[in-house]
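Quick setup: one chain, the form predicted on its own, written in C-alpha cells, and binding and motion questions come after.
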Amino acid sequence: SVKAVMICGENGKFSAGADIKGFSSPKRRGIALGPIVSLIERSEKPVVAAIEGVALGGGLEVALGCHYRIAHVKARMGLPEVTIGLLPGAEGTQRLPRLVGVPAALDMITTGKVLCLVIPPAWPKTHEFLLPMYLPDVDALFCNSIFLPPGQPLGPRRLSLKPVPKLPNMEAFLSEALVKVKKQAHGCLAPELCFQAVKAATEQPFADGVRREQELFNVLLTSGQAQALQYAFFAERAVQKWTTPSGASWKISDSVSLLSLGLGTMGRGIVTSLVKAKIPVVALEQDLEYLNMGRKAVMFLLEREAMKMEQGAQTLDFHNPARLQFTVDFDVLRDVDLVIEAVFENMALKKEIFHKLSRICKPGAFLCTNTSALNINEIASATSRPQQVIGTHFFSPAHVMKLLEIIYGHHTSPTTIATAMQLAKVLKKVGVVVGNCFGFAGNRMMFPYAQQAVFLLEEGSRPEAVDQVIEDFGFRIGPFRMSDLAGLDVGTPARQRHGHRYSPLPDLLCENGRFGQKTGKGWYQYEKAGGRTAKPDPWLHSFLSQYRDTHRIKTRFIDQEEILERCLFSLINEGFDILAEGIASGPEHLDVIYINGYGWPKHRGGPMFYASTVGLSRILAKLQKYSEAHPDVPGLQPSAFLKKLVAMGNPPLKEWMSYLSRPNNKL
C-alpha cells in the first residue's frame, strides 16, 4: 500500500554528513554508506529526498541515490570531503556528474564548495524542484502526487543508469581542468584524486567507477595529509572554545555600535569586514583629507564585495548612514560600545589616542588596538580602564584574511576577551587568544624564519631559490616575494648586533630605493611600479656577490633541504619557547594561527603538527647542527622545552603541555 518513501532530516537540516572523528578511529564499525545509497536507488517504490538546510557530504550522496530531490530555496549543498583530505566515498563522484554534468561536478568535488540553490545557468534543470515554502507542508503533498502507472519502471530516475552528459571536447576539457586543479591544490593530494574519481565516471561503467572511487578513497584515508587536515579542522574549533572561571561571555546584537579609528590600509579592511557582518559602524579619521581618501577606498572595496555577494543572492546595505558613516568628529566616541583603533604602528601615537579614547568613551566601552607587535600593557597604561583594553591583530587584507589574533594584557578582563572572541565569530573570522610579548605568537615565530632566509642569501643562495623551496613545501608565497608584496620598508626595524649576527641586506636595498612591488624593484624586479610579476634581477645577483666579497663571506652551494630546515625549524623552535612561556595555550593555537594568517599549507597541519610528524628528535638534532655552524644566531639554539620533550621520549602532540612544570595558560 506504500506509494512513495520520503527521506528528510530534522531540526531544519537534511544531513551534515559523516562524523569526521569516525574517519580517524582505528575501528570503523558499521556498513559503508555506498551500498546503502545503492539500496535506496534500487527500491521499486519512488524515494524522495526532501532537502531543507544543509545536505553535505554523505547527506548529499544519500539524496543522489533517491529518485526525486525537492529542496527549500535556502538549502545549501556540497561535497566538502576534499577539505579534510578525502573524496566523496559513497558513490558521489560517480552520481553527481551524471546529474549536473562534468564541469559543475568537478568544481563542487575538487573545491568542496557549499552552494546555495542559485542554480548556475550551466546546470540542467531537468527534474530538480525548488520550493519557496517550508518543506514539511509540501512533503506529503508531493509524495502523494507521484503517481506511476503500474509496472512503469523507475529506471530513468536512477542516476547510476544514466550516462554522463557528453562534452564535445571532453578530453581537452579534462586536460585543462587537471592543470587548474593541480595549480590550486599547492601540493594537496585530495583535489587531484577527486579529479581522477570524476574522470573515471566519464570513462568507465558505473560499477567500475565506484571501484575506482573506493581505491582512491583508501589512498587518501591512509595518507598523512588527511590526518593533518582533520587535525586542523578540530584544532580550529578547539581554539574558539576557551573558558574562564567566571564563564564570561558577551553577545553582539543589532543595537551594538562599533567605531573604527584610522582609515589606512588596515582600517579600510576592518571597516569593510564590519559592514559585511552587518554591524553598524562609524569610521573616524583625524582630518578631512585622510577621511575622504579613506571613504573612497572603503566604498571601492564594498562595491567589489557587494558584487561577489549578489552572485550568491545576498545583498550588502552600505549606503545606509545607519549602517556606515564617516566622520572627523571625535564626539561620536561618546555613544559607541567598542572602538577598534587602526592607526600607524607607533607607540607614542597609540598611547596619545588611547588616552583620548579613555577620556571621551562611555565607561563600559571596550578599546581594541590593531597592532602586530606593540606592547598591549603599555598602550593600556595610557587609559583609566586597562581591564577594557585588548589587542585585535587583523591580518592584511583585513576583509579577506580569516585570522584575528586576540592579545590580552596584564589587566584585560575575561569579559573583554569574550567580547573580542564574539566579535571574531560575528566577522566570520577565526579568533585565537594569545598572551602579550613582542610580536605576540604569529609574528614572533616569523622573525627567525625571515632572518634565516636573509642569512641564506648572505651565504650563497638567491631569493628565487629560497622562495621556490618554501613554495614547493606548500606556502602560497615565499619570504622574499612576500617581503616585496608588503614593502621592504615594512617590518625591518633597526636592529643592533649585540654580539648576535645581523644582516643589513634589507636596509641596504631600501637605501637603494628598492621597496618591493610599489617601486617596481625589491628582491625581484617587476614590469613597473606596482607590478605583480616577479622576475629574478641580475642587479641583485651582482649586488649580493659584491656584498659577500666586501664582507669576505665565502659563497657556497646551499641545498633545498638546508633552506627548508633552517627557515622552518627556526620558526618551530620559537613556537616551543612561546608554549613554554604560556604565550599560547597549546600547539593547536599556533597551528591555527599559521594556517589562517601566514599561508602555512593546511595539508601539513600547521608548524607544530608538522614538527610532531617529522619527529622532535630529528628537529633537535638539525637545530644543534645548524647552531654549531652559526653560534652567533640565537634563533637556532634549541628551545629548552623541545629538549625536554625529546628527553621524555617524543610524546604525542596532545600531551606536550602536560610536561610544562607550571600552568601554561595565563587566562
Ligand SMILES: CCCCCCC[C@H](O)CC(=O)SCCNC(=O)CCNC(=O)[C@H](O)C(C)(C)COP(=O)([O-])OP(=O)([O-])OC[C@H]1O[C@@H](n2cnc3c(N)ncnc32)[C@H](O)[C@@H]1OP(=O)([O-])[O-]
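Computed from a predicted structure; not experimentally measured. Note that residue numbering begins at 1 and tracks the sequence as displayed.
Not pictured, yet referred to below: the form predicted together with this ligand.
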So if I measure heavy atom distances to this ligand in the predicted complex, which of the stretches 450 to 458, 540 to 548, 78 to 86, 571 to 579 falls within 4.5 Å? 78 to 86
Using heavy atoms only and a 4.5 Å cut-off, determine which of Leu642, Leu623, Cys66, Leu33 is in contact with this ligand in the predicted complex. Leu33
Students should find that, of Cys368, Ile595, Ala90, Leu106, the residue having a non-hydrogen atom no more than 4.5 angstroms from this ligand in the predicted complex is Ala90
Considering only heavy atoms, tell me if Phe233 and this ligand come within 4.5 Å of each other in the predicted complex. yes
Using 4.5 Å between non-hydrogen atoms, is Glu655 touching this ligand in the predicted complex? no
4.5 Å heavy atom contact, Val47 to this ligand in the predicted complex: no
I'd like to check something about Ala16: if you look in the predicted complex, is any of its heavy atoms closer than or equal to 4.5 Å to a heavy atom of this ligand? yes
Suppose contact means a heavy atom within 4.5 Å; in the predicted complex, does that hold for all of Gly442, Arg462 and Trp600 with this ligand? no
Listed by sequence position, which residues of 56 to 80 have a non-hydrogen atom within 4.5 angstroms of this ligand in the predicted complex? Leu56, Gly57, Gly58, Glu61, Arg76, Pro80
